[in-house]
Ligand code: ATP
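Next up: a single chain in structure tokens, the form predicted on its own.
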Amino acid sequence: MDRNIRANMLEGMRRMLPKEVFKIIRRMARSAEEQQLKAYVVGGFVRDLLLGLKNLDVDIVVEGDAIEFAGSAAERLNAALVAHKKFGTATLIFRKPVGGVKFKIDIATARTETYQHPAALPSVRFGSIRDDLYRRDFTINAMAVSMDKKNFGELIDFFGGRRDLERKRIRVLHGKSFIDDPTRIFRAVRFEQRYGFKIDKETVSLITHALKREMFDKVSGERLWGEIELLLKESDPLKAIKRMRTLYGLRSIDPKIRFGSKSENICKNIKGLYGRFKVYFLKKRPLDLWLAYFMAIIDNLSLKETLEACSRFAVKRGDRLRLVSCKKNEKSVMRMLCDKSEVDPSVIYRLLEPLPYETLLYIMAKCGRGLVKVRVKDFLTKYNGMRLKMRGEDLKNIGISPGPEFTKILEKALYAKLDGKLKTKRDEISFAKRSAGVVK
């Protein structure tokens, strides 16, 4: 290997990694040497190292017993060990943050994979580092860095991954790659758009062939949904969505999806609005931005078709509830928010409070009117944070017993306060007395 490349790899590791992480890798290298094992840092870490990008997702492959090696390294590093004997893998979990972040290292025995039939889960047997790298998705992810004492930092590149990085090319390792695992189509698009690369012509041809064979139909819904989520979590998911559309991937996922200019504009608006409104959304509860993008993708689907898509993808319960809520409420909510006549704050509150934040963002992006943005912003910044000064004990003190009426009075009082009719705690208690018919 060119000494300059090795020197550059070492320098890159020192520069890109926190000192603690670099020391951990060196100490693990000593553990491998003591056990006479060949160990390698592999995958995305190596790819990003060559690109000059920070990546603390460290994976190590061992030609030998990964669990035994991990146990020895855990003792040396005072790390927690989680072992998976069935798969020959282990994870070291460091009890204290490393480099200011939570840190773990995944360790696996080098393996080879065979697929009994297209899109099946692979059968695994242990093998060499070359076998392990050959089973990966693309050449740029099929490189390793040696942890051997004599040539620590040496780049292992059997399949031209470094050359493909230089040429900004996404290329599979063999012709059956997308038949074996169709979800690699999503990953090809993700990496292409993330790095500004290009899927090479032969790989595009193989993707087209797999889609014509309707390979996505052979993949479980859970795996598809997981890949959709990862795609939409990219920093600029619209580019990835449009690329999938070019490859006919969206229609292969669900033939009813019509991602046209309308959906594209909604996605553009989602990105811009989230940048402007993020601080308001995150004050109360987290917002899954990727799910708002998915709402835009399925904008043309009916409620029934959305439910069918959720079943097809085996969508997790929380995600499904938010998608269904959006389809059920978007028309009535948009109609109210777009109404130019005066609308009381309590009406807006009752309308928006039950809705997921993803739905609010999607509706703002779809409607696009300034009035809608103002009303949603008012809800987020004023109405949603408003609370009564009066408490349950105050109601008990004026003779109102806990029960359904108790809850109704508190609710009515809050609506009155939202509309500016109640200013003080005394106002609230007086309102409660009148509502309950309590005479002093």
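What you see is a predicted model; the values in this text were computed from it and never measured. Quick note: we count residues from 1 along the sequence shown, nothing fancier.
Not pictured, yet referred to below: the form predicted together with adenosine-5'-triphosphate (ATP).
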{"item": "Full three-residue contact with adenosine-5'-triphosphate (ATP) in the predicted bound form, heavy atom 4.5 Å, for 278, 288 and 373", "value": "no"}
{"item": "Non-hydrogen atom contact residue 313 with adenosine-5'-triphosphate (ATP) in the predicted bound form at 4.5 angstroms", "value": "no"}
{"item": "Partner contact for residue 191 in the predicted bound form: adenosine-5'-triphosphate (ATP), 4.5 angstroms, heavy atom", "value": "yes"}
{"item": "Non-hydrogen atom contact residue 184 with adenosine-5'-triphosphate (ATP) in the predicted bound form at 4.5 angstroms", "value": "yes"}
{"item": "Residue 137: touches adenosine-5'-triphosphate (ATP) in the predicted bound form, heavy atom cutoff 4.5 angstroms", "value": "yes"}
{"item": "One residue of 33, 63, 59, 394 in contact with adenosine-5'-triphosphate (ATP), assessed in the predicted bound form (non-hydrogen atom, 4.5 angstroms)", "value": "59"}
{"item": "Listed residue (329, 208, 141, 89) with a non-hydrogen atom within 4.5 angstroms of adenosine-5'-triphosphate (ATP) in the predicted bound form", "value": "141"}
{"item": "Answer range among 36-44, 66-74, 402-410, 378-386 for contact with adenosine-5'-triphosphate (ATP), defined in the predicted bound form as heavy atoms within 4.5 Å", "value": "36-44"}
